[in-house]
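We begin with a single chain expressed as structure tokens, specifically the form predicted on its own.
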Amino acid sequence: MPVPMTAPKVLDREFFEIRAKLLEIAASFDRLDRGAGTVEGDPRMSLIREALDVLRSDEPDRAEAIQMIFSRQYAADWRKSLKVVPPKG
């Protein structure tokens, strides 16, 4: 069974990628700030803020929690509500 990498080794390996992603996110927010109009009432901004709160937390499984924020709740009638036609055969 493989031994998991230590936290310092993970940081050594992923620091620059994490930094780049954070800079990319910051640049996106800067573009939103500079753009005309407002997105304050847009529900997507609420989802983004919720995801950022999860990211800042010390809770385990942050990736799963953030995925669930952006996911639809399961509905048994999803084919009907999304107008999906089942494949023939």
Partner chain sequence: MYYIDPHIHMVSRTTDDYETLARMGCAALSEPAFWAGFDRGSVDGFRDYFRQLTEVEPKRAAAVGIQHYTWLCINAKEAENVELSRDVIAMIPEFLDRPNVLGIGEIGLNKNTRNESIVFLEHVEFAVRHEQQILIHTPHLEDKYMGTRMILDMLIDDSRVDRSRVLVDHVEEHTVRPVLEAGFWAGMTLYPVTKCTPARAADIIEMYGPERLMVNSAGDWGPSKPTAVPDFIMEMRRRGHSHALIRRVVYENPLEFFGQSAHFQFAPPDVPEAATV
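Numbering follows the first chain given and starts at 1. A quick note: this is a predicted structure, and the numbers were derived from the prediction, not measured.
Another form, the form predicted in complex with the partner chain, is not on view; read the next lines as being about it.
**Student:** With the partner left out of view, is R72 within 4.5 angstroms of the partner chain in the predicted complex by any non-hydrogen atom?
**Tutor:** Yes.
**Student:** I'd like to know if R13 sits close to the partner chain in the predicted complex, meaning any non-hydrogen atom pair within 4.5 angstroms.
**Tutor:** Although the partner chain is absent here, R13 would touch it in the predicted complex, with heavy atoms inside 4.5 Å.
**Student:** Using the partner position in the predicted complex, report whether R19 sits within 4.5 Å of the partner chain, counting heavy atoms only.
**Tutor:** R19: no contact with the partner chain in the predicted complex.
**Student:** Contact between A26 and the partner chain in the predicted complex at 4.5 Å, heavy atoms?
**Tutor:** Close contact is absent here: in the predicted complex, A26 is far from the partner chain, nothing within 4.5 Å, heavy atoms only.
**Student:** Note which of E64, D30, D42, E59 lies within 4.5 Å of the partner chain in the predicted complex, where distance is taken over heavy atoms; exactly one does.
**Tutor:** Of E64, D30, D42, E59, the residue with a heavy atom within 4.5 Å of the partner chain in the predicted complex is E64.
**Student:** Considering only 2-20, what residues come within 4.5 Å of the partner chain in the predicted complex, judged by heavy atoms?
**Tutor:** P2, V3, P4, M5, R13, in sequence order.
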